[in-house]
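Only one chain is shown below, in structure tokens, and it's the form predicted alone.
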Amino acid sequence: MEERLLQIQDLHTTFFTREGNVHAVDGVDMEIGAGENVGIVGESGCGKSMTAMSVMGLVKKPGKVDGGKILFDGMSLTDMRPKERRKILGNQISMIFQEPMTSLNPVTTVGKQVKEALCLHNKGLSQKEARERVVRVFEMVGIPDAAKRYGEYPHQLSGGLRQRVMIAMAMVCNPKLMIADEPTTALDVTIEAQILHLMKQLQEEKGTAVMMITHNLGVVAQFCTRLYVMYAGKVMESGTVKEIFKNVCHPYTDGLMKSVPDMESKERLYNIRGMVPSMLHLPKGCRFCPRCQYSGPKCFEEEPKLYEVSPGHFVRCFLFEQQTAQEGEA
């Protein structure tokens, strides 16, 4: 892996509610190298977006990052004062949110919104210079007639153009890390392909690292080099995309892979049995065991740790406990 840019160490994010404490992110460890594309996948409610929000400092009451470390470029974000952290967030670390129609201000032109993000971190820029730079970034992300679009409102743009505005806002300060939270969810497949191609092109030209949060394993295969599979607030499997796709280890990852539609198959589409557990009432032991076809008595009593099944490939499952112990003895 390239030089470590982002390190998440034993991260805990908890929401303190009247019904009980919700451990939305529970002991997560992740790393992203400089210029690297890393994917995070899992079902809704598994902690993907909350991990990103924790990095961005966007967790609000009753939620709180109450444990662990977030290191960016050697600096501890968790130990910084809010004023110091704001100099990095939105500047060196940016984020593309899920739905651009709700993320953009409906009563402000898109150009002005991107310009505000630029001027916030570049105090010396004149208004004219800032506008010219925003128009250049609009052209870079493929927005036609960029100067005209600068003065338009979000409702005047198509879904694809709004998403390009969000990418422009994320890229305008030339960040070292860009977090993309479901950036293609609301788009049709043609626009999705264009957006992914654009992001990859910008990433290669600027050397920006990308954290891609998605449900779509096809996007991961096309865009990412490493992958983290999350379930109920924990990382269940991690490794290179090539290794995981070739050698799926965790039963949950296997279920996600089998759930991908195959247009040539006439068999009924596979689905993982059961439901994602309530984060207020998590099962004892392994969090996936009530839905797992391989679960045994130990799975319902103890929580498995991450076992290294091959160099850089980790899986949280007792199926690999004996294998890794034998390899350690050898």
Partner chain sequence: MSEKEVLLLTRNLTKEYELKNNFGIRKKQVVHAVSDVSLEIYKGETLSLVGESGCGKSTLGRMMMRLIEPTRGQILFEGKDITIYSEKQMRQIYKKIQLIFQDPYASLDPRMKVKDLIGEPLVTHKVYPTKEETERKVKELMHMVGIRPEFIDRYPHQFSGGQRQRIGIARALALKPKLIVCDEPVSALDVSIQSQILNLLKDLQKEFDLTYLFISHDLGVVHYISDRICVMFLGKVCEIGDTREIYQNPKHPYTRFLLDAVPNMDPEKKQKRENILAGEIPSAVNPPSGCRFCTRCPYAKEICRKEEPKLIEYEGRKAACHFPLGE
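Not measured: the values here are computed from a predicted model. Numbering follows the first chain given and starts at 1. Note that the rigid core is defined as the largest set of C-alphas that superpose within 1.5 Å between two forms.
Not pictured, yet referred to below: the form predicted together with the partner chain.
Peer 1: Look at the stretches 79 to 87, 126 to 134, 153 to 161, 110 to 118 and give the one with heavy atoms within 4.5 Å of the partner chain in the model of the complex.
Peer 2: Careful reading of the contacts points to 153 to 161.
Peer 1: I'd like to know if T190 sits close to the partner chain in the model of the complex, meaning any non-hydrogen atom pair within 4.5 angstroms.
Peer 2: Yes, T190 sits close enough to the partner chain in the model of the complex that at least one of its heavy atoms falls within 4.5 Å.
Peer 1: With the cut-off set at 4.5 Å between non-hydrogen atoms, does F300 touch the partner chain in the model of the complex?
Peer 2: Flag for F300 set to no.
Peer 1: Can you tell me if M275 lies within 4.5 angstroms of the partner chain in the model of the complex, counting non-hydrogen atoms only?
Peer 2: Contact check for M275: yes, within 4.5 Å of the partner chain in the model of the complex.
Peer 1: Could you confirm whether M257 comes within 4.5 Å of the partner chain in the model of the complex, counting heavy atoms only?
Peer 2: Flag for M257 set to yes.
Peer 1: Could you spot which one of L217, A232, L104, A209 gets a heavy atom to within 4.5 Å of the partner chain in the model of the complex?
Peer 2: Exactly one listed residue reaches within 4.5 Å, namely L217.
Peer 1: Name the single residue among Q222, Q203, N122, Q98 that comes within 4.5 Å of the partner chain in the model of the complex, judging by heavy atoms.
Peer 2: By the 4.5 Å heavy-atom cutoff, the listed residue in contact is Q222.
Peer 1: Suppose contact means a heavy atom within 4.5 Å; in the model of the complex, does that hold for all of Q194, S265 and L269 with the partner chain?
Peer 2: All of them do, each having a heavy atom within 4.5 Å of the partner.
Peer 1: Residue by residue through 23 to 54, tell me which have a non-hydrogen atom within 4.5 angstroms of the partner chain in the model of the complex.
Peer 2: The stretch touches the partner through E43, S44.
Peer 1: Superposing on the rigid core, I want to see if Q293 changes position between the shown form and the other one - specifically a Cα shift of 2 Å or more.
Peer 2: Moves: no, less than 2 Å.
Peer 1: When you overlay the rigid core, is the Cα of M275 off by 2 Å or more between the shown form and the other one?
Peer 2: Shift at M275: below 2 Å after core fit.
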